[in-house]
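Shown next as structure tokens: one chain only, the form predicted on its own.
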């Protein structure tokens, strides 16, 4: 089986390969030698189960995600569909601005259904055939806590600020408009207020 390494991550390595004649992605969670071996396997198994469950779960909310083809818990691996489009991160700036409202809606749908993504970067949204797909649910969790949803928003805001500084204001505004249209005004106010609180805590800590 020919495999090509696509990405080495802290938690997992991602490979491209063929699965039953289809292009696929193989995600293998890394063994952490500093952990007790049986505990390490337990953690990797649990995270593999969680990720494959959430990938299937969010599909039922109408969120475009890769299909899960195969899961092996002993090896802590998931085989999933490869989405052949481009990461939003790599698109022209005008296109990123345009798609940010749709991304806001997708994040709103996740939060409305009690899912925190946990790694909201513009590289984890893939644009393919006029559709935005959400990928990499490795750090996601089921939670309805507004604080957790605010952490998601805080991360994507930071990414927009650092990776897309020139278009930060317009993308963030569009993102929030999309997000608000799904979660409703009351939740939107609560969560964005918490984002501001997290930011002020960060600034305060930096001053100290």
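The shown structure was predicted, so the numbers you read here are calculated from the model rather than taken from an experiment. Positions refer to the first chain, counted from 1.
Keep in mind that the form predicted together with a small molecule is missing from the display, and what follows is about it.
The candidate stretches are 104-112, 68-76, 129-137, 91-99, and the one lying within 4.5 Å of the small molecule in the model of the complex by heavy atoms is 129-137.
Although the partner is absent here, residue 180 lies well away from the small molecule in the model of the complex, with no heavy atom inside 4.5 Å.
The shortest heavy atom separation between residue 199 and the small molecule in the model of the complex exceeds 4.5 Å. Under a 4.5 angstroms non-hydrogen atom cutoff, the small molecule in the model of the complex lacks residue 154 among its neighbouring residues. The small molecule is not shown here, but in the model of the complex it comes within 4.5 Å of a heavy atom of residue 27.
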